[in-house]
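Just one chain is shown here, as structure tokens, and it is the form predicted alone.
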Amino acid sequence: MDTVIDIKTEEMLKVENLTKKFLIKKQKMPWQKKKYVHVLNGINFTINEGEAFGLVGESGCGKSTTAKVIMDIYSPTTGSIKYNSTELTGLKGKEKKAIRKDIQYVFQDPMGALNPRIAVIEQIYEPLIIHYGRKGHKEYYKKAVDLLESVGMKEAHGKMYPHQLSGGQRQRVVLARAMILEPEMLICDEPISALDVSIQAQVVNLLMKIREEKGITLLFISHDLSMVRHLCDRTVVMYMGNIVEFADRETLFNNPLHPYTKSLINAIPIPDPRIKREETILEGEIPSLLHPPSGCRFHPRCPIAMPECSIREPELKILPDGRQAACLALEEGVKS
């Protein structure tokens, strides 16, 4: 039985018309045009306080870029990001540092996120030194040990170096470091993709435990829809920088509407061979962002594509059941 967690209706994070493009070719001559690759194309979503929010899609769809723009690792090209009604874009100095304390980031590669030359216990309490100075060193150490124990590790593990730990242990260390500032929100960017299946379940269950005990808000980014279904309350499905479907867990996984969402969900392995389901097979590979298709970006791979799909780009519409979807084949009887 799923744990019931209180989700408030207050908006914690609001993303509006967010776009991001990267320069790939500079001007060598004044008459030459700069070339850009457009990774995000005006995406919109809201995360409520206490919610576990999923962001899914194939590699290259813009999931991690979205997270890094929110964290100000990348600057947005256009758009707005508000955290508790505070505009994040353009923040500097003390204001930016204060927000960084409230929103913490869990990287995809725990080995790359840790310093190989420093014992992990020191890396766990390092954020406290950055934000509060070195005076409370003993208290910092004790808090780091308590956090290690809360994620299923021991004080002895803290005296080790990252290469001496397993992948699952390193991910737990990264989680402990993210939690030491007692943030209100965790952004988890593919935190289980590099782990074995059994360890993946342990890390996801640990995230659920942290959320239940601390009331923390999660933005969980993954291409593993089975884990997203287990953890997240609402989920955004992205394809080539666009949102193609957005719904709560039961609506999305029990009755997916967009053909891309159907294909992702149908790819989730089912352990019972007697269960039969509709197959949605995608042909071809994701087109290059350098030369995206005209019209709907999904139409070259879509099994229900119409001639109009190659000409007109679909808008994200609100459907009668409350979900949002961007598909010309679904637009009949919807409201914008």
Partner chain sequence: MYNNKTNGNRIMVTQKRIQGNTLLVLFAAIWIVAMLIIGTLAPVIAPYDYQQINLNSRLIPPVWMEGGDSSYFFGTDDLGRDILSRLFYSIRLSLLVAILGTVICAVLGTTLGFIASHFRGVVDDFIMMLVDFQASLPFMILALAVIAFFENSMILFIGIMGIYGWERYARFARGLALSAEEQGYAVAVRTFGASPVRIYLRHILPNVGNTLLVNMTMNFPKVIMMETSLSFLGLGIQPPNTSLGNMVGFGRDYILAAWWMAIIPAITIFVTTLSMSIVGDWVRDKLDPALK
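For the two forms, the rigid core is made up of the largest set of C-alpha atoms that agree within 1.5 Å on superposition. Given the structure is predicted, the values throughout are model-derived calculations rather than measurements. Numbering follows the first chain given and starts at 1.
Keep in mind the form predicted together with the partner chain is missing from the figure; the text below concerns it.
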Handout entry: the partner chain in the model of the complex: contacting segment from 138-146, 213-221, 84-92, 100-108, heavy atom within 4.5 Å
Key = 100-108
Problem - Leu257, Met185, Leu114, Leu207 - the one with a heavy atom within 4.5 Å of the partner chain in the model of the complex - result: Leu114
Handout entry: Non-hydrogen atom contact Pro127 with the partner chain in the model of the complex at 4.5 angstroms
Key = yes
Practice task
Would you check, heavy atoms only and a 4.5 Å threshold, whether Gln164 touches the partner chain in the model of the complex?
Solution key: yes
Practice task
Would you check, heavy atoms only and a 4.5 Å threshold, whether Arg177 touches the partner chain in the model of the complex?
Solution key: yes
Practice task
Answer for Glu122 alone: is it within 4.5 Å of the partner chain in the model of the complex, judged on heavy atom distances?
Solution key: yes
Problem - Core-aligned C-alpha movement of Ala98 between the shown form and the other one reaching 2 Å - result: no
Problem - CA of Met160, rigid core aligned, shift of 2 Å or more between the shown form and the other one - result: yes
